[in-house]
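Just the one chain here, the form predicted on its own, laid out as structure tokens.
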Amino acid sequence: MRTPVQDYLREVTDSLVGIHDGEVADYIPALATADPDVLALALTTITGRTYSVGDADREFSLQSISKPFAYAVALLDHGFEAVDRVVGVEPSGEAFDELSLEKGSHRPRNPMINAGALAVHSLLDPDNGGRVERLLDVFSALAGRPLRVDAEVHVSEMATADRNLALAHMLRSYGLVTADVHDVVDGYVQQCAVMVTARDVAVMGATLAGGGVQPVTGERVLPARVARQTLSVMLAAGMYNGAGSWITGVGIPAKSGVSGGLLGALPGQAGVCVFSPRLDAHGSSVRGVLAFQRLSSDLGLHLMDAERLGETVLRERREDGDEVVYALQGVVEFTGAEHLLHELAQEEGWTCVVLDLTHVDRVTRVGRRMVLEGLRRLRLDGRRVAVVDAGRVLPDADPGDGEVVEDRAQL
């Protein structure tokens, strides 16, 4: 059977072919000659399956899509406190190239605007190969293949980099950039000139969505906390002065780029990229925005579309002699663990409670703590407790009372 996912993505792009609103980024010579009718859509799940339609293997420069990934590298290399000293996390409500600084600290309001991205780039270690080489190493690991800087795009953008140079000089006057201004801007422009495809960006987004684990190679490229921080800032500020309408209308952490790429990363689910060079007034792909609006609506991808997850963790409750068996399924997180504990609290008259985890995919850190505390309290009430966990999704099932929980291979 051919999966309908591919057909659905094709239907989305087909509906956009007749949209010709917007203009290419003609203020950058290398982007002014882009084919305005190119259209690509790629989606990668956190399990590593990629679906793509259109010109998904055509290369384009990352431009501002590079910003969240560079921010992640800075957090990875220097830690949260060091990065927080030079750039904030608040939405600016202004265009990407405005000098939007906080009062008092003079920090750029977030790392998604140019001023913030320059401050972030300046943090990267120039030694051990250089800032750009460090970014290329991580960007390539995120994409799962070697990436490169396009020399033509780099030279073209440097010829029109006066505003970025002015922003960097202003940041240096406040002590937020201490490195040579020209080196910082040149490196930042190279960062923006890294060449990718829509498939690459979808995979990079899926790595963020999967908590920093590259979905194809299985490599942990970023710590989970760094991935979470990056996604949070993308949601708050990735779409610049259109962030509010994006959050309410689409509800997916996203980042646009003036070459026509638009990245989305939905936590726990997938990375998405649309590439179409015609831009709206905010500098975002016109077709890309329309595609994301439809994906969000059709597939229920809005972060605020809350689902009732707690009850679904309980697959079955059955009674067997003096035992009551709770068979769980899926992912046991806070709401699922809370539902289980509520059900266990109602049980009376059973001398043994059995948890069957055969169909559980994963137990989160919080879920594990809650389940083990529930087991401990059952033991304190004088019950026997057994766990069926051949897959070891609940390792070291010790509820903390100094005794070992009975571990059954099967029921």
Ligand code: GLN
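So that there is no doubt, residue numbering starts at 1 and follows the sequence shown. These figures come from a predicted structure and were not determined experimentally.
In what follows, reference is made to the form predicted together with ligand GLN, a form of this protein that is not presented.
In the predicted bound form, no heavy atom of F139 sits within 4.5 Å of ligand GLN. For C192, a non-hydrogen atom is located within 4.5 Å of ligand GLN in the predicted bound form, even though that partner is not displayed.
In the predicted bound form, ligand GLN stays beyond 4.5 Å of every heavy atom belonging to W246. When ligand GLN is considered in the predicted bound form, S52 lies well away from it, no heavy atom lying within 4.5 Å. Contact with ligand GLN in the predicted bound form, judged by any heavy atom within 4.5 Å, is made by just one of T197, N164, S156, S296: N164. Just one of P111, G257, G210, P253 comes within 4.5 Å of ligand GLN in the predicted bound form, counting any heavy atom, and that one is G257. The stretch among 43-51, 59-67, 351-359, 371-379 whose residues place heavy atoms within 4.5 Å of ligand GLN in the predicted bound form is 59-67. Residues Y27, I28 are the members of 16-50 with a non-hydrogen atom no more than 4.5 angstroms from ligand GLN in the predicted bound form.
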